[in-house]
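Before any questions on how it binds or moves, here is one chain, the form predicted on its own, in structure tokens.
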């Protein structure tokens, strides 16, 4: 594993930040997760746009322009040995400062890029699908910690995922305080009913996923109807198909929720078709 800490590339064991960093003391900070296709960071411009939006929502000024961030990412990717694809995580915190919530107590922001060889999910996940579970932890309300902020503080997600793991599930599905489906702990969520794709709107309280956005574009490009609409448990339990999406997993079919089998219990035709369209588009956009 390689890290680029404020412009200095080093091995993972040598990567350090101050214990007085507000990211450590108060959990303040934002991040982005990327992967490469053909050793190029995929949809970098969109990720950086979201990174800046997240930072603005917590009053954090990014210390670098996009060109410099791109240069540091390229250097970090080059430091990962071999010709394999690369997983990237960008983290920005306010940097070290006094023990105070006053934003003037912050000093120079900390900018970290972590890179390692990307290990793609097993092909079996796509061929067989996965089981997820509805967890007891609710998604944060937009007027609390807005889910649109891709925050370093992932405690609710981590707790929800651990609950899912205890149940033997691949992912945990989170509801909002109104009982509406929002997203999984590390991925956005979709269902298919009568050959139309449905996905929760951002207003339900979820992250504006970059992969989610591209899936919406792929659906339009391939002529598959897609609607952003409120989804409740009844909609899920009567769905023909379901799938989740994330940067590192693309589209993964969901064939069971707790003890309830979705559709035929096998990855559906719409999901499979959309996964193929997504991968074709990803390769095209990476060239």
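This structure is a prediction, so every number in the text was calculated from the model and none was measured. Numbering follows the first chain given and starts at 1.
Separately, the form predicted together with a small molecule exists; it is not shown, and the next lines address it.
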| property | result |
| --- | --- |
| Contact residue in the predicted complex, from 198, 181, 80, 210 (heavy atom within 4.5 Å of the small molecule) | 210 |
| Selected contact from 176, 93, 133, 157, since only one has a non-hydrogen atom within 4.5 angstroms of the small molecule in the predicted complex | 157 |
| Non-hydrogen atom contact residue 247 with the small molecule in the predicted complex at 4.5 angstroms | yes |
| 4.5 Å heavy atom contact, residue 89 and the small molecule in the predicted complex | yes |
| Contact test in the predicted complex: residue 31 vs the small molecule, heavy atoms, 4.5 Å | yes |
| Distance check, residue 204 to the small molecule in the predicted complex, heavy atom within 4.5 Å | no |
| The small molecule in the predicted complex: contacting segment from 230 to 238, 61 to 69, 257 to 265, 31 to 39, heavy atom within 4.5 Å | 31 to 39 |
